[in-house]
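Take a look at this single chain in structure tokens; it is the form predicted on its own.
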Amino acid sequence: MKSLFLVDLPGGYSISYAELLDLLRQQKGCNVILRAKHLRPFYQHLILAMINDLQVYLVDEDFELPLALQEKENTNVLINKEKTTKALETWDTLQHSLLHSKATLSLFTSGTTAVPKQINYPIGRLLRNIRIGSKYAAGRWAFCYHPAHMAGLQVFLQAFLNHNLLVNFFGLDKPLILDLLERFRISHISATPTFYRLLFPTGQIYDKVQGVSIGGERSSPKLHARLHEAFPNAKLYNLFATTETGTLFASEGDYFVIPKAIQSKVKFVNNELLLHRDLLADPGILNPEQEWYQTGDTVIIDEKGRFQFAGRKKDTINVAGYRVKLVEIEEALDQIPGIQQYRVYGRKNALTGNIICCDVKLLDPDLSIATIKSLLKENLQAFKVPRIIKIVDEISMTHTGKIKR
């Protein structure tokens, strides 16, 4: 029980599992609206809510709650003392309590529209993707996602229920991340392609890392090759998950295969991924007559029926009468060695409908905008080459660690 649970350098503390149990035993209540400002209280209240089978709402730091929920913010709910005391007797009783929890976790997402949706997750639906057992007991996780979002919840549950170490990497800069990888002998990383791209070049090999998962954005073979170089002993997994469904697909290569158990619940229409309402955590987000949920994710399907994610449907823009997929430009930028990160987006224009813009963060300070445009013209038609390219120090990212469009 002396093992560490959480190391949070931005918060300035670390806490062991034993210390966490002591803190939980002292609490008489918990909040049901949880903003992820600080990890330790966030997880304390989340664990108590799960023990007591409550509905808890997980929100971004600056998220504006619906009016119906605003009065619940900062309201402390009394917990069942007898049930909580029994659950917190030992680590084993706590683990058993969480695995049998009937709590509901409510998350908010914009989905494919600009209107936030509330997704209600019975905790059991999240727990079904968690692997527990002696083979997972030695895990040491890099925590690279926002804690109030789906991917962050999955990593927390996987680490916590296996008594693993969780080290907070979210929002840190490259030198500190690389230092923490080595210092804490991290064994597992799950992050967005944006996160991984910011690490390269790493300058060394991290052979203690056993598992590397990629999710949340389109990936690329070039990124996979870099990850294999930096983490030669790690299995590489591509993951597809949404707030609406949780994790659905996993792949060790570039292509996904639909598991047999859900093949009748997945289809493609005009290269867009559609999911049957049975796969949704909360079918209430659809109208009663709707059978299929449009994800907005576009795919490329090969002759064997396998598929790759090509991007978001909304990431196709009109430029002077031509339909341009921003992913094509991203793929071309990915081939330029001196670029570390990029953001491609459209800007409204009265004459052409949109003009293509691009922000780039460089690895090679001598790489010029003129050279970038010249190299892009080798792989793109002229109308697809960004009209405006800016060299920036940082690329804007969302709360989830993805590139902003």
Partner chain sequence: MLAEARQKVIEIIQLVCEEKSPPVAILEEIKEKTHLRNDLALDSLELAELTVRLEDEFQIDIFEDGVIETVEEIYQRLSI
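Nothing here was measured: the structure is a model prediction, and the numbers come from that model. Rigid core: the largest C-alpha set superposing within 1.5 Å between the two forms. Residue numbers count along the first chain shown, from 1.
What comes next is about the form predicted in complex with the partner chain, which is not displayed.
Check your understanding: Heavy atoms within 4.5 Å of the partner chain in the predicted bound form: which stretch among 61-69, 36-44, 369-377, 332-340?
Key -> Only one stretch qualifies here: 369-377.
Check your understanding: Which residue, L198, V212, L88, I123, has a heavy atom that falls within 4.5 Å of the partner chain in the predicted bound form?
Key -> Exactly one listed residue reaches within 4.5 Å, namely L198.
Check your understanding: Within 4.5 Å of the partner chain in the predicted bound form, heavy atoms considered, which of D173, E291, D207, E182?
Key -> The residue from D173, E291, D207, E182 that makes the contact is D173.
Point to revise | Within 4.5 Å of the partner chain in the predicted bound form, all of V319, K348 and A382 (non-hydrogen atom) | key: Each of the three qualifies.
Exercise for review: Answer for Q27 alone: is it within 4.5 Å of the partner chain in the predicted bound form, judged on heavy atom distances?
Suggested key: No.
**Study point:** Any non-hydrogen atom of K222 within 4.5 angstroms of the partner chain in the predicted bound form
**Key:** K222: yes, in contact with the partner chain in the predicted bound form.
Check your understanding: At the 4.5 Å heavy atom threshold, is R226 in contact with the partner chain in the predicted bound form?
Key -> Yes.
**Study point:** Contact test in the predicted bound form: Q55 vs the partner chain, heavy atoms, 4.5 Å
**Key:** Although the partner chain is absent here, Q55 would stay clear of it in the predicted bound form, with no heavy atoms inside 4.5 Å.
Check your understanding: After the core is matched up, is the C-alpha of P41 off by 2 Å or more between this form and the one not shown?
Key -> The answer is no, as the C-alpha of P41 shifts between this form and the one not shown by less than 2 Å after core alignment.
**Study point:** Yes/no, C30 Cα shift of 2 Å or more between this form and the one not shown with rigid core fixed
**Key:** After core superposition, the displacement of the C30 C-alpha between this form and the one not shown stays below 2 Å, so no.
Check your understanding: Does the distance between the two CA positions of I389 reach 2 Å or more between this form and the one not shown, the core being superposed?
Key -> Yes, I389 moves 2 Å or more.
Point to revise | Closer or farther: C-alpha pair V269/Q381 in the predicted bound form, relative to this form, given a change of 3 Å or more | key: It is farther: in the predicted bound form, the C-alpha atoms of V269 and Q381 lie at least 3 Å more apart than they do here.
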